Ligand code: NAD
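Single chain ahead, by itself, as structure tokens, in the form predicted on its own.
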């Protein structure tokens, strides 16, 4: 019997609601497999700040470092509530970025997946989606503009200014490219390198390192794509992509755009990997406008469980069954209110009942 310690960071807004459904799924996997999941809840995000004065408390850090993996919900509150929190403690600056830096989770993996059976969710035409969308976006997560030096002040003439630095070194670039090449090897052996080398020197260095790393992967075909044209083709021809790799800010923007072509970021879980511990989270925000209303689809939170099973625990078959169970709920004609506008032919269920359907199917699959 294997034992795994999992830190549960439910977060803010809809986080606690969708986390409950993810835990239901974990309990089923535990009951059907030779494994024990020891779950420890910890405060994180805006709610943590209002409890302790810190969005990422020291106690939470201790729980994270003593865990085998971390399951994290979305964080953040509405604009007015957020203004009650000092700028440097607001969840994105005070919790998310420090978590990534603390754990050195340099690789963000986001599956952009929509089978043909669920094409009604996408705003794209059926002839564009074709047989479905199946892309993996690999994003560098602890470097670039978001983590570079930041400076604000006044010029000699009294004008306000801001300076933010985009920084990468060759080791940072190499480690994320290795992740992307290895994923490409397991799929179609095609890697789209997303860059802006016609303008940015950082992209010039990125491409130089890519050429060096690619020698280790002669079977992988590398295709270079400028980030602006990649944004266009994600809408016009998403099926041309299989694995895409890019720096931090490009990845932030394009992965959210990819959620748009699926019809919702609620259909996009993610994994944030380091060489040691990893955390798993939905790509979407905390949706404070529907928090507590039992409306949010738990797909991205449960999908994050599936990714954790595969990447952190090596439970590949169990992971596949979780994905299959969620997809089957949609195929059977069920959805949730937050996705109803793009799923008019679906029977609408509240969050907890959608989770119950996933659990029921998952049990039957075993």
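Residue numbers count along the first chain shown, from 1. Here the structure is a predicted model, which means the values were calculated and not measured.
Below: the form predicted together with this ligand, not depicted.
Proximity to this ligand in the predicted complex, taken as a non-hydrogen atom within 4.5 angstroms, holds for one residue of 273, 142, 96, 254, which is 96. For the options 103, 243, 287, 173, the residue carrying a heavy atom within 4.5 angstroms of this ligand in the predicted complex is 287. Three-residue candidate spot 41, 55 and 60; no residue lies within 4.5 angstroms of this ligand in the predicted complex by any non-hydrogen atom. When this ligand is considered in the predicted complex, residue 124 lies well away from it, no heavy atom lying within 4.5 Å. Using a 4.5 Å cutoff between non-hydrogen atoms, residue 296 counts as a contact of this ligand in the predicted complex. Although the partner is absent here, residue 203 sits far enough away that none of its heavy atoms falls within 4.5 Å of this ligand in the predicted complex. By the criterion of a heavy atom within 4.5 Å, residue 338 is counted among the residues contacting this ligand in the predicted complex. Stretch 71-79 is the answer when you ask which of 228-236, 187-195, 203-211, 71-79 has residues with heavy atoms within 4.5 Å of this ligand in the predicted complex.
Shown here without this ligand, the chain has 264, 265, 266 in 257-280 lying with a heavy atom within 4.5 Å of that partner in the predicted complex.
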